[in-house]
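Shown here is one chain on its own, the form predicted alone, set out as structure tokens.
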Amino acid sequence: MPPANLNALRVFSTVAEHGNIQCAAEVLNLSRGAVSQRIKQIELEIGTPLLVRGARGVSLTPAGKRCHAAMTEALAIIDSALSDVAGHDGWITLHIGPSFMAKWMMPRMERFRKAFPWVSLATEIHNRVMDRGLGRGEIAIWPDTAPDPNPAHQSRHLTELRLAAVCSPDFLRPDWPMGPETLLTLPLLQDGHRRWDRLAEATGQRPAHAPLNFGRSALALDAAMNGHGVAIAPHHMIEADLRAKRLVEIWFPPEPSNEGLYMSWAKEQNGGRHLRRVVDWFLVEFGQGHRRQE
């Protein structure tokens, strides 16, 4: 069997990561037809289907999963070697969610740049947890119920997801301590985690108003700051707005969320001079560890 074309394999890896041929085509700046043709080329060369095509996207066959895992590892090694040759040790790519970027990272961006003036930082925004391996100079931060299971990754727990209900200081609300029953009578602002729906289900009480639904936590929090209702979000996402008095906390769930925020990076890429310092910076920002001395 002739070896598969490396460019075609990169196309397959991008499709597998996004779960959608059109999204992969936009990322790769190719036509949808060109992406489909490269996938078919690989499937013909190896003699087995890699993707199951559906109305809402594509999923990996068992062979596709094995191929994607192997490609992820191989591409990480190639990218690492090319970075070494090109002298790109100062490049760091941060894989994060859009609301984490808006509400946690942006308020700290100046501090980060002062700490690492020699680092070229790139951010890649993801709407779901990455399912590929991390290469040289890549860090991923994502909420989950357990550490990153990828054996090729280092993983550290950053913080528990301590939730709080928040609103604008000017939002009209009862001035006494509130429980869930009172909260559910107020205008509710809900993100994709559907936490208000889950609270209503747990208490058996219908909200007095249908929640306003937003695709991202940052949008629900912005609506809360503008006086449109009450949002619920992890504390690390609201601390900057609490300090600036743009939001106030009015309720805390009595039970822990059983979720945490985790940071991952590739075990084999620790040779990068700056990666470990950036990892340490995040740990310190979340109250762990000490600044590494230069």
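So that the term is clear: the rigid core is the largest set of C-alpha atoms that superpose within 1.5 Å between two forms. So that there is no doubt, residue numbering starts at 1 and follows the sequence shown. Not measured: the values here are computed from a predicted model.
Same protein, other form: the form predicted in complex with the DNA, not shown, and the subject of what follows.
- Between 259-267, 223-231, 48-56, 244-252, the stretch whose residues reach within 4.5 angstroms of the DNA in the predicted complex through a non-hydrogen atom is 48-56.
- Contact with the DNA in the predicted complex holds for none of 182, 185 and 195, as no heavy atom of theirs lies within 4.5 Å.
- The closest non-hydrogen atom of residue 37 lies within 4.5 Å of the DNA in the predicted complex.
- At least one heavy atom of residue 30 is located within 4.5 Å of the DNA in the predicted complex.
- Put simply, residue 288 is far from the DNA in the predicted complex: not one heavy atom of it is within 4.5 Å.
- Put simply, residue 41 is close to the DNA in the predicted complex: some heavy atom of it is within 4.5 Å.
- In the core-superposed comparison between this form and the one not shown, residue 279 has its Cα shifted by less than 2 Å.
- In a rigid-core overlay of the protein, residue 239 has its C-alpha displaced by under 2 Å between this form and the one not shown.
- A shift of at least 3 angstroms pushes the Cα atoms of residue 23 and residue 194 further from each other in the predicted complex than in the displayed structure.
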